[in-house]
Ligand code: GUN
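Encoded as C-alpha cells, the following chain is the form predicted on its own, with no partner shown.
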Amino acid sequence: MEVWRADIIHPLDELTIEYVAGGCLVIDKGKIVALEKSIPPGASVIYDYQGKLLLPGFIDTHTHLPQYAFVGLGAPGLLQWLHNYTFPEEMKFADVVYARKVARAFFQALLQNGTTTVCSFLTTHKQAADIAFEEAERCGIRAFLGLTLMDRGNNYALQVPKKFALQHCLALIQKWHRRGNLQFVISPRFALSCTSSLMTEAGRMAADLDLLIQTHLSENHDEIRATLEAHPEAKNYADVYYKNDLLNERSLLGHCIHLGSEEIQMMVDAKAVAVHCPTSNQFLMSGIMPLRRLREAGVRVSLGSDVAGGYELSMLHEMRLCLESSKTLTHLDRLQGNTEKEPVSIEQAFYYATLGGAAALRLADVTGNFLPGKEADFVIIDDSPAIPMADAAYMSLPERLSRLVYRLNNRGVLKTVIAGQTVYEDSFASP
C-alpha cells in the first residue's frame, strides 16, 4: 500500500465537496483503497505533502490538439478564425514530424496543468492520428481522440471523402480503441463541414461500436445561419444531428450557446452532454452558454478548454471563467427583475471539471473522485502562490479552493498521477 498525505478536496456529487485536512489517500496497485483522516497501519510507502492540496485529476472534455501551436491568437468571429488559423495550421499535419512535435507538446502541457483525462479532436490525417495515439500512450494520459471528419466546404486540402474517412476510422479503432487508457471518438467537425451522408454513417458506426461522439453545436450566429442553409431539411441546428444519428447519450456537444427551447429539450431527451467552453466563448466573442438554464432543464454538462479558441489548457482557468460567465448572466437577469436566480457555485464548477467530466466520458466508475475502487488519478498542488500574504488568515479548505480557482492556473502543479503512476513531476516536487 501507498499513502499520499495532503489536504484533500474531492466532489461527491454536483453540489457536495468533501474536505479532509491532513488526509491520507490509500492506494494499492494503482487503485484507491480508502480516504483516511490519518495514516493507516500497514502502510508501506508514505508520500508526505502536508500543507499542499491533493485533488482529482482534471478532465478536459473538449479541445483540439492540432490548434495548440496558435493559442492566444483570435479573430473577430469563429468562421473567420477557422479560415485564418485553424485550417492552415491543420494542413501542416500532413508532415508527420510536425504532427509528432505538436502532439508531444500538447500532452505534456495537459499533464503540467494537472489534466489526467482529455477528449480531443485531431486532424483529418490518418498518419497524424496514429502519431497522436502513440504520444498519448507514451505519456500515460487518459485520451479520447478522434479523427476529424469533414467532406464539404471550401477547405479542399483537409477534406476526406466519406468512404476513405470511415475506413481510416475503422483502422484506428481496431488499433487503438480501449488499448490501455485510450479510446477512439467519432468526431464530425461540425455540421457545416459534413454531408448528411457522412454524418449518418459515422453515427451508425458510433452506435454499432458503442463509441462516444464529439462535435460542435450552436457556437456562433453566423455558423448557425450557414448550417441551416447547408441543411435545409432540419428545423434547427440540433435537428441536423438528430436526423443523422449523432444526437444521443454518447454525444458531447461543444458550446451550446444559442439553443432554442426545443433544442434544449431535444438534448434532455437524448441525454446528450453540453460541453461548456467559457474561455473560448468569450475569446471568440461567440456569447455565453446559459449554463444554469441548461442544468435546470436537465441537460448534462461538463467543461472543456477548447484550445485554441480557449487560450489556456488549465481547467482551473475554465472553472474561473465558468463562474464569472454565470455571474454575468445572473446580473443581466437581475437587471430584468428576476432576483430569484443564483449563479453557478464553485462546487458545481469543480464538479464539471472532475467527476462531471468523468460522467460525460462514461468514466464515473473509474475516475473523478476518491471513492474506493476507482483508479488513483490525482494532482498535487502547491497553492501558496495564490495566498497574498504570509499568514494563516482565510486558510480553510473551502477558502483555499476558491483562491486556487481564482488565482493559480497551473503555477503550483507539483505532480500529476494517473492510475497510481506519476506522469508529470515538477523539478522541485519531492516531498
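Everything numeric here is computed off the predicted structure, so don't read it as measured data. Residue numbers here begin at 1 and follow the sequence given.
Note that the form predicted together with this ligand isn't included here; everything after this is about it.
Chemist: Heavy atoms within 4.5 Å of this ligand in the model of the complex: which of the stretches 79 to 87, 351 to 359, 102 to 110, 134 to 142 has them?
Modeler: In the other structure, the partner sits against 79 to 87.
Chemist: Counting only non-hydrogen atoms and a 4.5 angstroms cut-off, does Glu318 reach this ligand in the model of the complex?
Modeler: Glu318: no, not in contact with this ligand in the model of the complex.
Chemist: Classify Ser280 as contacting or not contacting this ligand in the model of the complex by the rule of any non-hydrogen atom within 4.5 angstroms, answering yes or no.
Modeler: Ser280: yes, in contact with this ligand in the model of the complex.
Chemist: Decide whether Arg189 counts as a contact residue for this ligand in the model of the complex under a heavy atom distance cut-off of 4.5 Å.
Modeler: Contact with this ligand, yes.
Chemist: Using 4.5 Å between non-hydrogen atoms, is His216 touching this ligand in the model of the complex?
Modeler: Looking in the model of the complex, residue contacts with this ligand include His216, since a heavy atom lies within 4.5 Å.
Chemist: Using a 4.5 Å cut on heavy atoms, which of Leu291, Ala206, Leu284, Cys169 is close to this ligand in the model of the complex?
Modeler: Checking each option against this ligand in the model of the complex, the one that comes within 4.5 Å is Leu284.
Chemist: Checking a candidate spot here: are Asp60, Thr116 and His276 all in contact with this ligand in the model of the complex (at least one heavy atom each within 4.5 Å)?
Modeler: No: none of Asp60, Thr116 and His276 comes within 4.5 Å of this ligand in the model of the complex.
Chemist: Can you name the residues of 49 to 79 that have a non-hydrogen atom within 4.5 angstroms of this ligand in the model of the complex?
Modeler: Counting only heavy atoms within 4.5 Å of this ligand in the model of the complex, the contacting residues of 49 to 79 are His64, Gln67, Leu78.
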